[in-house]
Structures are given as structure tokens and as C-alpha cells.
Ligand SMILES: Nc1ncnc2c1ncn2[C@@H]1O[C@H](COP(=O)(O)OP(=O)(O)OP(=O)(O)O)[C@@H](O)[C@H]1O
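In C-alpha cells, one chain follows: the form predicted on its own.
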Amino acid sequence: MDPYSESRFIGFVTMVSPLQTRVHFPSSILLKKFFNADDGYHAITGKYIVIEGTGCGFLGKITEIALPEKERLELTESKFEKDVFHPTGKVEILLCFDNYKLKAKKGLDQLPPVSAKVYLCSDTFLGSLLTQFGVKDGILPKTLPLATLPDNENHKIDVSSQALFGRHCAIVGTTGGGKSWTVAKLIEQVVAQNGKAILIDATGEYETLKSNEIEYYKFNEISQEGIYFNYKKLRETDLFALFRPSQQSQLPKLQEAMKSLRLIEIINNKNTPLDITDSLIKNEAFTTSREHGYTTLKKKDTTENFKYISACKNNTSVYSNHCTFEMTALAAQILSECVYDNGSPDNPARNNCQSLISRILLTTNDRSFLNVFDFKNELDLLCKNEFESIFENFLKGKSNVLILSVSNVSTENKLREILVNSIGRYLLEKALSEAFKAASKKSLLLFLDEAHLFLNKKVKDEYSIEVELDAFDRIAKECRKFGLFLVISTQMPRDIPRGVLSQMGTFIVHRLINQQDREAIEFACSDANKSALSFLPILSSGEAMLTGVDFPMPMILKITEPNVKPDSNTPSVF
């Protein structure tokens, strides 16, 4: 493979600067002979070229071609057909490579000399450079047949899986640019490589992918494909987001109520004989509702409360932030917390908590919330697919991909955002406990579709405390070394927090028209300079710029169509 084939010679370097390199084309005929459909020299703008150097060569991209002023003024249709013109071009140097090993070098430690020969880069050589990206210590990683060159779909491009996913990945582009097909293609490759991945499907368009290797479940649906997230896997902050307590008067009562209910759960579930303190609390303070069947803890005077404090010290799990208690008893327990030190009812506190109690009762009895979080412990019989058990079976089983659809989940009171954040936090805790890092276990890819709907979200109203839904922010910042790799897909990168975008090591950028979106990508990825970004608004459907930490240069590729396509077509207007 000779990158300096004389048959592809097109010109000489005439000017070199850190920002750009100028090339003189001795004859426009040299440019014409490479194209069948269009003989005009303007057709090679955006093409890759190779510049010969001493010891190393340079790969560049033609960003502009123009005629000298004199020839431009003399240009006519008849002369164009007969005369030879002498165009000049501007070239952006992307990387340098070793002339002997033909391998890309990290960084650009020199520039090409003036008068160096310039050649069109062959597809084969360009593909070989791309395959080398991500190779470390001479160990060849698994490669994925992901794309082709835009002008030569017969030339397949294999991309290193480690370079693509190893530092998290972002797939961005406007509607219709090809993001969904790219996600489907990556899922297809996860199956082909026998990997493990979870896809959170925001719109339901990936239901077409379900197969023997790909499991598909829907939240807020009572069927064989239905799934729910047991509320006992939530955290206190999730309940703060759901119930929105005010900072001063309602939050302390809510926290005390949850602590009391956790104590009831702990004491009732003990298998060993109770000690004196636990026994006294159970016999004297536990009250069971005949109508509803739940148990609350009745707060009394200061003397009796010393027993409660002592019981809490004996059972330190009451101070955890887990929701391991009977949710149906929460509203009643808040009323029990509203007492004075002498045990008499604290009516002002009860009045202050009435709005909180109303929100709790409305939320825990709303069918949309019940189908998602199972506050009444009834879905075990109706649905049977609890998220944690499904996930554990998925990790142990032969399936490669688990798709979780949240398209049926209501956005009322931020239910969908809280659910997706809870799933993200569950996986975050799993990763930090090294569930995906051990040698005997597989790493996990976490795909988040329509990420702008779930990232950078906060729950707050005029009176309540602010709760930040930041599980995926933490995954992006903390979980790479623990074997959990994030892949986000979004049409609005400007709405993704800059801290998250800065953690993305690889970008697959489809067509982007909005200036703010392009600026967000430019900020997050140093390799995506203004010259490369200038091509983004004119990319066709399926084409994308691939750039990242392990890719020495941005490249425009055409993503190969997936075998099974997602249902992403826009409905007909008429």
C-alpha cells in the first residue's frame, strides 16, 4: 500500500503556516481524471490528500479550491472545455504518519515542507489509519464494521470498539440525520460481539429490534412485556422529587416519618428474638390500621420518645436513605410526627403538612405512578417483571441487549425523568460496587436515547426544595473505570450539561444546523475545529463526523444501514 502513488499526484505545497497549507495544482486536468460523474475541479473540495515529507507523511483535507484572479476573469464555457487552468487550494493538516510503518502519530510535531508533492489519499490507506485508532501497547482491539466512505460505499471502515466506547460516546444530530439508525447499528454490533448493553428507549421506536438476543420491556404497561421499578429501590431524594416538600416545615416531618417507618420494617422483619428496647417500642408504639392494614409508630411524650431514640441507635439502618418501608403508611405517619413534647397534637404543624399529605395521597393512588413504582405492592401478581430481577437475570443470561421503553410513562410531575434517573442511579451504584469490573464479568454499555429529555433536569416549584436529577452526570464522570460506559443520543447537544459533554471521549455527529448546537460540540471536542464543523450543516442523512480523544482527526463517514431498522419515520401529514 503506497500512499504516494504517482497516478494520484495532484500538485505541490506552495505555502505552509500553523493554520493552513496552500497547494498549487499545475493543471486542472490532474483533478478531473479522478471523477466520472463531474469533471469539474471543484468536486474534490472536502477530499483527503497525502503530502510527502521526510521520514513522515501528512494527511490533510482540502477545504477550498479557487482559480487565480487572472484565470477567473478569462473563464468562459468554451475555454473551460479546451484550456488548462491552474487552480490553488487550501488544505487543513489533520495528522502526520510514519512513512515506514504507515501508522498515525499522536500530535502534529512538524509541518510539511514547501514544494512537497501532494497526492489524493486512497480509500484503502484512509481506512487503515482509522482502524489503528485506539490501538494501545500493540494490542489490537475488536473492530466494528460501522461505516463506509461517503463517496465509496464499497469500501468498509472498521472502527476500534475501545476507541468508540472506552471514554463514553455521544451521538448527536438534527431530526432525520440518522441518529436512530446509528444507535440501531451499534446495538447490532453489541449482539455480534456478544457484549452487554441497556438501551433506555424514550419514544418506543426501537421495539422493532426485539429478538432472541434483545429483550424488550415497557414501563406503565400491564402485560408480558410490562415492567416496573419497585419503589423500595428508590432513595429519599427521589421521594423529595415526587412529593416536593417545603424546606422548613414539611421536609423535617417527612424525613422523621420515613425513619419511623423504616424502624417498623426492621423490627417486624427480625428473625431473632427482640431485645427489651425493640420489644417495648413494638408493644407500646406500633399501631395497625384496621381499615388499611398498615402499621404506624405513634409518637408520645418526651419520656416515651427516649425509647424510640434508643431503638434507632440499636437499628442504625433507619438512618439509610433507602425507601424500605410501607409507602401506604407514609401520609398517616406524617400526622403521627406532628406532636408536641408532651404528646399532644401539634395542630399548626399538621396544618403546615396538609398540602404535603395531599400530594402523597394523590401520587401514591395515581394509576400512572402505581404502574411504574408499585406503591401498593400489587404488580408482583399482575406484571411479575420487576426491574431488579429482570436486570440480574439479564446479566447472568445469554441475552445481549435489554431495551427499556419509557414511551408510555407520563411526564406529569416529572414521573418519566424521575424513573429514568432512578434506573441510572441503580446502575451507578452497581458499577461503583464493581459489578461490571471483575475479570469474570462483562462491561456494560448504557444507551440513553433522547438524552436532552433526562439530563440537566431539576425538580422544584415555588415552595419546595430543589432536587437535582444527576445520576447520568455522575455516570459520565465516575463510572468509566468501573466498566459502565455511557452512550447518549440527542438532537439538542446545547441542552446537555457541558460537564457531561466534556466527559464524552467520542462523538458521532450527524447533520447539525443550529449554531448553538455546533458551538456545544466545538466546546466539548477539541478535535472538532471550525473547519471540520463547517461541513456539518450539509451532511446527508446517514453521514456523520467521527471524532474523539482516540481519533487523531475528525473524519466524515457514512454509517452502514442496520439490518433491522428502528421505527423512526415521521407520520404522514395528509
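The numbering used is simple: start at 1 and walk along the sequence shown. Predicted, not measured: the structure shown is a model, and the values here were computed from it.
Missing here is the form predicted in complex with the ligand; even so, the following discussion is about that form.
K.L.:
Counting only non-hydrogen atoms, which stretch in 240 to 248, 453 to 461, 173 to 181, 395 to 403 is within 4.5 Å of the ligand in the predicted complex?
P.N.:
That would be 173 to 181.
K.L.:
Is there a heavy atom of residue 542 no more than 4.5 Å from a heavy atom of the ligand in the predicted complex?
P.N.:
Heavy-atom contact with the ligand at 4.5 Å: present for residue 542.
K.L.:
Can you check whether residue 10 is within 4.5 Å of the ligand in the predicted complex, heavy atom basis?
P.N.:
Looking in the predicted complex, residue contacts with the ligand do not include residue 10, since no heavy atom lies within 4.5 Å.
K.L.:
Taking the ligand as it sits in the predicted complex, is residue 558 in contact with it (heavy atom to heavy atom, 4.5 Å or less)?
P.N.:
Yes - in the predicted complex, heavy atoms of residue 558 and the ligand come within 4.5 Å of each other.
K.L.:
Would you classify residue 5 as touching the ligand in the predicted complex, given a 4.5 Å non-hydrogen atom cut-off?
P.N.:
No.
K.L.:
Pick from 122, 407, 491, 161: which has a non-hydrogen atom within 4.5 Å of the ligand in the predicted complex?
P.N.:
Spelling it out, the residue with a heavy atom inside the cut-off is 491.
K.L.:
Residue by residue through 307 to 322, tell me which have a non-hydrogen atom within 4.5 angstroms of the ligand in the predicted complex.
P.N.:
Stretch hits: zero.
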